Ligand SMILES: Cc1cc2nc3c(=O)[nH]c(=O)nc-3n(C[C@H](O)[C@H](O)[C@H](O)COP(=O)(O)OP(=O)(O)OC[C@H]3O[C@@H](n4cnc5c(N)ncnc54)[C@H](O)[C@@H]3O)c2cc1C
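Shown here is one chain on its own, the form predicted on its own, set out as structure tokens.
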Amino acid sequence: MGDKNVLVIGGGTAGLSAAVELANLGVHVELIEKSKFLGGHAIGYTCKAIENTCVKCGACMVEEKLQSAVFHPNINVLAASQVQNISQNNRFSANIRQESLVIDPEKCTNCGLCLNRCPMEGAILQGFSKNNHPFYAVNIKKCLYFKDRSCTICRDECPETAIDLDKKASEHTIEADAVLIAIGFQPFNPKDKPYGYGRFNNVVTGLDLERMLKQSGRVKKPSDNKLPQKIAFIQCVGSRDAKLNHLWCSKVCCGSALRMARLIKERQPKTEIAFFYMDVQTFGKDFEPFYREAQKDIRMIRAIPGDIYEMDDRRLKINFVNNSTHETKEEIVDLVVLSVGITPVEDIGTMSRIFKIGPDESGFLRTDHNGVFTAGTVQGPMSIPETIANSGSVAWKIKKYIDGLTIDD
């Protein structure tokens, strides 16, 4: 097996899980990731343990897979990289372009001076896991040096001379016996919904809240950095929406939102929480006792709001229809959290063209044909544990394929 090589496209939960599984089977893996950091969306998710009791959110599992991948001798990682084109003649031959890695991982000590001294917000990116090394990256779209050469503070201040602002992009050719597409999902962008996302500071997405909790451990209003007295979660934003032709349930939103809501109540017990929903998607064998406990602390409102307005004091007025009386009601809160759905990632179009495989009617991608496989949420909505299980199963299919066995063997 030592001469067998698999190209894994995507370094999120699915890509990492499959890469580790294959590497443990003695297969060499070339893992490429478009972002500068591995882990995908889920590496920004917070642990939601209540009173130090695990609630099986899966966040720690992603961290474990990331740690295993970056230290595995059979896995080579190319971050900030994308497939340019690929050909197949018995084996695959892929041309990969890697964006300039401005910060040298061999020299960087993750001291953070580049972030602290940079005058341009967003020009230095920070990861969510210390297992990503370096923990910082230069955002060339925001960096003043790449705009007009007017700033070299990060390079000048770096005590390890780890920053090379003139480093060029590089090209790589990878030969592989099979390819796994694990490019994940795109969180629905709710800017066109009548909820004020992108206009009202105190309207955030569930992903924004996950990162806020992971980084600071508390929920604060973006408008003034103060603790909110009342929070509203709104479910099914971008999912189960006939107007968008998004007819699928994203499966994970209810579990994530309810777990975060309970975590907030534990850490900020004076905060009132309302939960707007169509119906609640079950999650895991412990769902019933978990849900009963959640209902004690969270006011459940079976309605989906129509509009949200910002008041003079930055509080938010939510209009909705009472399902029982059909009366229009309103709720005034300090912070709104939109549980945005899982949608197909834009790069599916690129993958479809490169590999000549089409997405399904919902826009997701599923294949295990002619040495090309898919895993994880590129196939459709999955939870973290489901993604890891799916990726492990696909890894075994890949091993059988490169061993010359049929998938059914």
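Model, not experiment: these values are computed from the prediction. Position 1 is the first residue in the sequence shown; the rest follow in order.
This protein has a second form, the form predicted together with the ligand, left out of what is shown; the following refers to that one.
Residue M382 is the only one of M382, V27, V372, L365 with a heavy atom lying within 4.5 Å of the ligand in the model of the complex.
A182 is the sole member of C154, V138, A182, V237 with a non-hydrogen atom within 4.5 Å of the ligand in the model of the complex. Stretch 183-191 is the contacting one of 183-191, 266-274, 165-173, 146-154, since its residues have non-hydrogen atoms within 4.5 Å of the ligand in the model of the complex. When the ligand is considered in the model of the complex, E210 lines it closely, a heavy atom lying within 4.5 Å. The closest non-hydrogen atom of D347 lies within 4.5 Å of the ligand in the model of the complex. With a 4.5 Å cutoff on heavy atoms, E33 counts as touching the ligand in the model of the complex. At the 4.5 Å threshold, heavy atoms of Q82 reach the ligand in the model of the complex. Shown here without the ligand, the chain has E33, K34, S35, G40, H41, A42, Y45, K48 in 33-56 lying with a heavy atom within 4.5 Å of that partner in the model of the complex.
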